[in-house]
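Next up: a single chain in structure tokens, the form predicted on its own.
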């Protein structure tokens, strides 16, 4: 029942805000619905920890330690982003970039976006998972194009076309998966796309068909992860959409798409008894990390800069899941967590900094530490965290990935170190000039919401020096389920 409430709350929020989101209390209602979703996620998490995996609604929904961890993370970042967006969008309205009608669209589509992500994470049906990912694309297209400028509409179209191509590949992979499953499940063909049923018979599935299906699924869902070479939509969508949407795109949507890939990898590993899926993920992950690191040097827009940073980090996580094993999977899950928290905090700080400067061009943003020390320090600390400086959690997860690669795939270690070193130099040199340069910024008409910035960074710091035993056990269970 609590899982159904988890899905019903954001869906109800979408409908309510579609009618009343233009009211002055629309932003507060958005926060309230997000808080209720977070509360439901906490209750669901406690239920799964206490009673184990659960099947709901005639096995159409399934929650285990792997996806409940992502559900909780999605609800948390969704809530803090709604808190951040309240003053942020009011400043945008004050500057004339949005009107009341577009605010209604923003608030309703934000709740719909959260609903589609939670649906994708909790469904047991791989066909419904595909539908949820497509719905997430459609809702975010409207959010990316919210400002209705030529650049934002172009970015939304690029996002729609590239992700549309990718999601079509994923559909073909899902169809191949169904054909392979129906031959084994026979009379149960109507449930041949239920992941729990597929997992139970994965050793009997035709390995050639499963291998081909995974290629299409990896390319399809990998497009939404931001993996090269179909990554071009991500920097544009980050740069041209509202900053809260940049935060949830990097912090949440990329994780959800990678979750779909990992679920499919479990089936392919069991069917093929080979390293095909892992090798493909490692290859795409390394390519994405290296390519994004070099592209970082060419960026002038601060949001595009951190958009490419997200591609780099998702490449590292994909590589870790590709290696497999308890340590690599643990590291990938930890990196998913700390990347989501850190990158969303960075976008919160970047959003307010860009509003103060009236631009997203890095050369025109200087002296944040003087005009607004909290924004300046938030951006600087967040940058150090995402670059893997100790004692933050990103350092811990990257250290685990690198040491595992040294032991099992020594050839990949120099490539990872090259990507990390280039990214560090590219990002740090630009951000330190923005924070400590000569000031020429303005005051904001509304006080910025900086509590989410430091709340996220505090969590990342804690995870770098101490992972609570219950959380560590949670990660171990999820890593074991992935295999």
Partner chain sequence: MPPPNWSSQLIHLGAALLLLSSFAMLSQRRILSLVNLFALQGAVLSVSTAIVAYTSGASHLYASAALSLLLKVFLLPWILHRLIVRLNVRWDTETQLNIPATMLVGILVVVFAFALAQPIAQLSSAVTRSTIGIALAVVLLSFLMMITRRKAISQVIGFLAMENGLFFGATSATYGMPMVVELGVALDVLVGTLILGVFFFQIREQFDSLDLQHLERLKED
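None of the values given here were measured: they were computed from a predicted structure. Residue numbers count along the first chain shown, from 1.
As for the form predicted together with the partner chain, it is not shown, yet the points below apply to it.
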Look up in the predicted complex whether residue 171 has a non-hydrogen atom within 4.5 angstroms of the partner chain, and give yes or no. yes
Tell me, yes or no, whether residue 155 is in contact with the partner chain in the predicted complex, where a contact means a heavy atom of each within 4.5 Å. yes
Is there a heavy atom of residue 361 lying 4.5 Å or less from a heavy atom of the partner chain in the predicted complex? no
Report whether the minimum heavy atom distance between residue 355 and the partner chain in the predicted complex is within 4.5 Å. no
Of 371, 135, 91, 276, which residue is found within 4.5 angstroms of the partner chain in the predicted complex when only non-hydrogen atoms are counted? 135
Of 299, 337, 124, 396, which residue is found within 4.5 angstroms of the partner chain in the predicted complex when only non-hydrogen atoms are counted? 299
The chain here is shown without the partner chain. Which stretch in 140 to 148, 409 to 417, 382 to 390, 258 to 266 comes within 4.5 angstroms of it in the predicted complex, by heavy atom distance? 140 to 148
Scan 280 to 316 and note down the residues that get a heavy atom within 4.5 Å of the partner chain in the predicted complex; none is a fine answer too. 295, 298, 299, 304, 308
